[in-house]
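Quick heads-up: it's one chain on its own, the form predicted alone, in structure tokens.
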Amino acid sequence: MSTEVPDWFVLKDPGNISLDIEVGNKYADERLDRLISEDLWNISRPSWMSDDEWNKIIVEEFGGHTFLKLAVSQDPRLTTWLIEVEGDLFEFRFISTSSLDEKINVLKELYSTENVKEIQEINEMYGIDIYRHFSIANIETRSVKYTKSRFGSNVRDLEKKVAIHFTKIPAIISARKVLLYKGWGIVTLADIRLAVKREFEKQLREVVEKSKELVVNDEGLKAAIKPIFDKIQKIAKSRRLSKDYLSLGIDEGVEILTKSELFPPCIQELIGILKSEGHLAHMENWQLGIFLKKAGMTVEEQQRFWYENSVDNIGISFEQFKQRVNYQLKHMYGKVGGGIDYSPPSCTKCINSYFCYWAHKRTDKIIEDMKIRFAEKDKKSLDAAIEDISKLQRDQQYKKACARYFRFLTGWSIKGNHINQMMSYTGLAYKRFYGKKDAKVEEEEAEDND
């Protein structure tokens, strides 16, 4: 097994890289544009690429990342935003890499080598067969045909287990997704992926804090990165980065949480599954929880919500349930851990790694849902909407399918004909049905805010 940390891991030491201020700002500008557009990308070296060509890619990658860190270090709000988007990029790369060695090496870099072991190492250390000990299947010996996930990584890879010292993964242990053996947590990569992302974000925040000291003590450096800082600030103001949508609609005297019909289809679907089946996949739990947080639900309200709808409540009291989920929920609200105010994943992220109603639900089931929900609508208009949405779904134009659905639901068109964020969907739907302004004005605002 290779012990080298992959080049896409931006917290590694890139070696001797030098570039001037102008080029650094250029690379930062290019990286910023990609992060803003949620264009998640991988970097890997093909066998035919020369050393000089690969070195240029590495310089662009680390140079752009470094200059962005320096620029946002002066503003806590911008720092939080960069950590979130770099965290999303890291998660995409971690999951999508086809190399299990790379995943293991990243874990060792984040948690330190002594705190991460492969299962075979645990077996050799203690003279045991972990799989037999816990009576669990070893996927290495299962003759199952595996397919590619939405990330492009093997599902088989995500099901593999790794051993991490229990002190490094308290939230995963609290969620009872770990098998404990002599201080080691035996856990699948699928179950630990979010915890790994959080650890990356925590360490990135520490690096940005150190960058702040560099900029504060160097007026020349501060002047050099000012162009990229100004651009990020301008984008932040126009896009309202990390805006808190808590209590959306309070100014109209209406709690958004009482209007679940305004929730985007993905959230309505997740709530429906949770209420009927009692559980969701790990990332879907996170997606729904973050949405409810931003829509105005408090930690205490979420505790009650999950207790009333989750199969995890069987045989335990509400107080016992709260103890089980308390850390994870408080982390979601930034009350413990790194103190990050997490925002709901964008539609691009939902398509790639969370749940998107249009990307991940069968067309015939969507048609069935629409016919039931809109049974009282004009049949000709409904059939036209179904035909348009079905074609967009087949063409993998999922954000446009969502916008077409929104137009059929509200009568409003969205500029660009695509939805980018689930909170934008809810906010615009609220304005459409409960706002007090002129409809024509509202429609223009809906287009501008997309």
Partner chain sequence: MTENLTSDMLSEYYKKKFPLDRFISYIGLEDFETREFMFIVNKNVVRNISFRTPEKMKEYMYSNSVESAYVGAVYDKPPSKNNRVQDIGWKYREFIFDIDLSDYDAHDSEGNYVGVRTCGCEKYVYCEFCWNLALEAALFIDETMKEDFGFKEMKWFFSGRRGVHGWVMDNETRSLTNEQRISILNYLTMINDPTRSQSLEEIPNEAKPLRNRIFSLLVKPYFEYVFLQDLENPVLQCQNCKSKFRAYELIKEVTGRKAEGVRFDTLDKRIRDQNIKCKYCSGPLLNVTKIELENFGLTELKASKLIKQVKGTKVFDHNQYNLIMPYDWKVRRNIGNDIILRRYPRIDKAVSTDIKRVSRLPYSVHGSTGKIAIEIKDLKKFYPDSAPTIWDALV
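As the structure is a computational prediction, the values presented were derived from the model and not from experiment. Positions refer to the first chain, counted from 1.
Same protein, other form: the form predicted in complex with the partner chain, not shown, and the subject of what follows.
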- Query: Might Phe305 be said to contact the partner chain in the predicted complex, defining contact as any heavy atom within 4.5 Å?
  - Reply: no
- Does the 4.5 Å heavy atom contact test between Ile271 and the partner chain in the predicted complex come out positive? no
- Item | Partner proximity in the predicted complex: Gln323 to the partner chain, non-hydrogen atom cutoff 4.5 Å | yes
- Does any heavy atom of Pro170 come within 4.5 Å of a heavy atom of the partner chain in the predicted complex? yes
- Name the stretch, out of 342-350, 204-212, 363-371, 181-189, where some heavy atom lies within 4.5 Å of the partner chain in the predicted complex. 181-189
- Query: Which one of Arg176, Lys275, Lys380, Lys335 is close to the partner chain in the predicted complex, taking close to mean a heavy atom within 4.5 Å?
  - Reply: Arg176
- Select from the listed residues Tyr327, Tyr111, Phe166, Trp286 the one whose heavy atoms reach within 4.5 Å of the partner chain in the predicted complex. Phe166
- Task: Kindly indicate if, in the predicted complex, the C-alpha atoms of Arg324 and Tyr181 are closer or farther apart than in the structure shown, bearing in mind the change is 3 Å or more.
- Result: farther
- Query: How does the C-alpha distance between Arg324 and Ile119 change in the predicted complex compared with the present structure, closer or farther, given a change of 3 angstroms or more?
  - Reply: farther
